[in-house]
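Just one chain follows, in the form predicted on its own, and it is written as structure tokens.
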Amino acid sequence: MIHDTFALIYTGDQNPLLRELTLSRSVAAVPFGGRYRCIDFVLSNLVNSGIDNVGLIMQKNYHSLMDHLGSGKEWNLNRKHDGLFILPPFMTKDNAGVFCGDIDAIHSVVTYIRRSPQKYVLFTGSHTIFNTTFEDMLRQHVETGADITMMYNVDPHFSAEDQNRDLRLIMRGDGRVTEMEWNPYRPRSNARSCEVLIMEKKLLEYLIEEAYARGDSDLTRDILQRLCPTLRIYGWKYDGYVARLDSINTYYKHSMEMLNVNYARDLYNHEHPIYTKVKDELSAKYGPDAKVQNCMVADGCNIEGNVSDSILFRDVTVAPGAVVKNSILLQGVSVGEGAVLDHVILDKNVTIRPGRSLAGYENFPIVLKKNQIV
């Protein structure tokens, strides 16, 4: 059944709560885990499931994402039949080139949807990171006779930060969804959506055309919530690790959790490998006085100072006498002699001059955008 399924990924959402990290890139292109991008996890899940027809709907700041994806070779999606389809916005008499929401975005690629020969469609966003395959989800979808099956995980913890893109599912004992809460102040359910839906392609076409004719814009509120009482919507529970990158705080939190071997083993499951763009680099180099403890260090780094409880992406340089702790340094960051960094997130090619000191907090890390010099 899984080979009769194609995937549609919406990467067009902009999230101001991710601040500097999405000024020049989409959420799907945000770096994570030392060497990956968010889109790597979504694509790897699909490929590991056996889905080889994948469409990516893009809107803004997608140049970095397109450069990362290329032809889809790293995910084995550079094929003569099916494969990876990049679907950027374009102007027509019906489309102004700027999407009003995900309903408008899906409607703009309806030609691709109709052309796809598969019966089922898996629709997903790009904010949520996990590692699974979708065969069991599709099997449950068929066996229950559901119109729509939604992936969720049990999230018992709730804070004010969760009131962003927080969709809670209220279900009966048999798993059928009876109600949905969008960004609830006091959730009545621990079942939180993972932004993955499965339905028949014909149903998606019908729902989108009907909603578009009404002028609706949001798939969750204008279709799923409104039609929940009439459609047969079921939940499919995922028990593994889930990271929702919907704010700077959650990005920092989930990145730091990768230093915990239990979380890392769950997300980087060897049975379901995560693929990414291959960039051949020399191994990381450590100076004679370097001290490194509990860190994730990518290839090409040159470390001569002290680094602890941190994540360093490719080509990061830490000069002698510098101290880096509880921080995330993206590709090409340079930290000068004697500089001290604590609870900071530095985007690509940021330069910290010698002797500078930056310190944030666990719930409020300092973030510097690309190419800044401090």
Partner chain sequence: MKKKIVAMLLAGGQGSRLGILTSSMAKPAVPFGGKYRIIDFPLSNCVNSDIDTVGVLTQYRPLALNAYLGTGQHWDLDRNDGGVFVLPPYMTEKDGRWYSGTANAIWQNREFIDQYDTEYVLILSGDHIYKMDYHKMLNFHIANNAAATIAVFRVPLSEAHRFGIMNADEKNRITSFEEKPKNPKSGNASMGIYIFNWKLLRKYMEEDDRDPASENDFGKNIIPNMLNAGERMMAYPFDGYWKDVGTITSLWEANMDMLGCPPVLELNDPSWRIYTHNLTLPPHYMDATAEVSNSLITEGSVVRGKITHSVLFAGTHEDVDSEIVDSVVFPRAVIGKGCSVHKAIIGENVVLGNGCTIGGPLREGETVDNKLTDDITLIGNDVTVPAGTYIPKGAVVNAETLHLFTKEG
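Numbering follows the first chain given and starts at 1. Note that the structure is a prediction, hence the values are computed from the model and not measured.
This next part talks about the form predicted in complex with the partner chain, which is not shown.
Looking at P156, G173, P288, G145, which is the one with a non-hydrogen atom within 4.5 Å of the partner chain in the model of the complex? So the residue touching the partner chain in the model of the complex, by this definition, is P288.
- Which of these residues, N294, N183, T111, N190, gets a heavy atom within 4.5 Å of the partner chain in the model of the complex? Spelling it out, the residue with a heavy atom inside the cut-off is N294.
Among the candidate stretches 321 to 329, 35 to 43, 61 to 69, 334 to 342, which one is within 4.5 Å of the partner chain in the model of the complex when only heavy atoms are counted? Going through the listed ranges, the match is 35 to 43.
- Task: Verify the contact flag for K73: yes if a non-hydrogen atom of it lies within 4.5 Å of a non-hydrogen atom of the partner chain in the model of the complex, no if not.
- Result: Result yes; K73 sits at the interface with the partner chain in the model of the complex.
*asked:* Please tell me whether any heavy atom belonging to N131 falls inside 4.5 Å of a heavy atom of the partner chain, as the geometry stands in the model of the complex.
replied: N131: no, not in contact with the partner chain in the model of the complex.
key: Heavy atom of A284 within 4.5 Å of the partner chain in the model of the complex   = Yes, A284 lies within 4.5 Å of the partner chain in the model of the complex.
Contact flag, G240 vs the partner chain in the model of the complex, heavy atom cut 4.5 Å:
G240: no, not in contact with the partner chain in the model of the complex.
For this chain shown on its own, do G83, A105 and L203 all sit within 4.5 Å of the partner chain in the model of the complex, going by heavy atoms? Checking in the model of the complex: none of G83, A105 and L203 is within 4.5 Å of the partner chain.
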